[in-house]
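Okay, so here's just one chain, in structure tokens, the form predicted alone.
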Amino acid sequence: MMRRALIVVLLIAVAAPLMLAMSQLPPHGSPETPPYTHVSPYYLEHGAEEGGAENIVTSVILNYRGFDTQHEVTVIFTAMAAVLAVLLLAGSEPTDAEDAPGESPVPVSVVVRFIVRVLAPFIALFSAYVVLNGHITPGGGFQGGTIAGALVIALSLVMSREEADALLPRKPEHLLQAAAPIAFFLTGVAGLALFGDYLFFPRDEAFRWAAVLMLTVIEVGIGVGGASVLVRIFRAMRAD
């Protein structure tokens, strides 16, 4: 009884200041809040110049909150490792016999096979465009990587295992899955070595090319890593 009472008292002691703080917050969406009166106008006014990207969203994600985004891609990689660990422990990792072509009881439609193969080059080109132009137009590594990963998965469903493995080889896939954290780390170290701060993007007009190059490296790393994670999880679940 005493233990339950102590737990209730502790919960109230923790909840009371949190509820008090929430009661003093401005209404949700109020135009008087700091994000609307200070943060957003500053980003819109200085984002392209300071962030190194014409696309304000990219400037915010990869520059102003670059540390947060680096932690995000690290969490995604860690989550992928955890999902694969569960699948491997459950015995879902496909073997050569399980993943051999022709094992599916439902044959692939000739129409589906033709459409996927015809559209594949255009989808791949669009994926590359989304990744490489993320600093100019809406898009970037996350979106382009998702498109590329979905394309590889679609192709693997209409191709033999050997042909599918040629699209994304299994041997270097562990390195490819970590491409996003590695790209962030290398870019951050480059900023530290060249400009004195980790993950620093040069703001001088003379070095704008360096900022664009650093942003592009991160975008490509995120795209490659995201696509590899999606494909790897699909391969691990394919035996089911």
Partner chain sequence: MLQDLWHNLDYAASVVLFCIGLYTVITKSNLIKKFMGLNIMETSVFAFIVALGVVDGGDAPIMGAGAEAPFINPLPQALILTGIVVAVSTTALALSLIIRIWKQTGTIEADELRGME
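In this text, rigid core is short for the largest set of C-alphas that superpose within 1.5 Å between two forms. The model shown is predicted, which means the values in this text are computed figures rather than measured ones. Numbering follows the first chain given and starts at 1.
The same protein also exists as the form predicted together with the partner chain; that form is not shown, yet it is the one meant from here on.
In terms of contact with the partner chain in the predicted bound form, the residue from A166, V75, L125, V111 that brings a heavy atom within 4.5 Å is V75.
The single contact residue among A154, L132, L119, A79, judged by any heavy atom lying within 4.5 Å of the partner chain in the predicted bound form, is A79. At a distance threshold of 4.5 angstroms between non-hydrogen atoms, I136 is in contact with the partner chain in the predicted bound form. Using a 4.5 Å cutoff between non-hydrogen atoms, A15 counts as a contact of the partner chain in the predicted bound form.
Shown alone here, R208 lies farther than 4.5 Å from the partner chain in the predicted bound form, counting heavy atoms only. The partner chain in the predicted bound form comes within 4.5 Å of no heavy atom belonging to V9. Using a 4.5 Å cut-off on any heavy atom, the residues of 25 to 43 that reach the partner chain in the predicted bound form are, in sequence order, L25, P26, P27, H28, G29, S30, P31, P35, Y36, S40, Y43. In the core-superposed comparison between this form and the one not shown, the C-alpha atom of D204 has shifted by less than 2 angstroms. Residue displacement note: E45 has its CA displaced by under 2 Å between this form and the one not shown (rigid core superposed).
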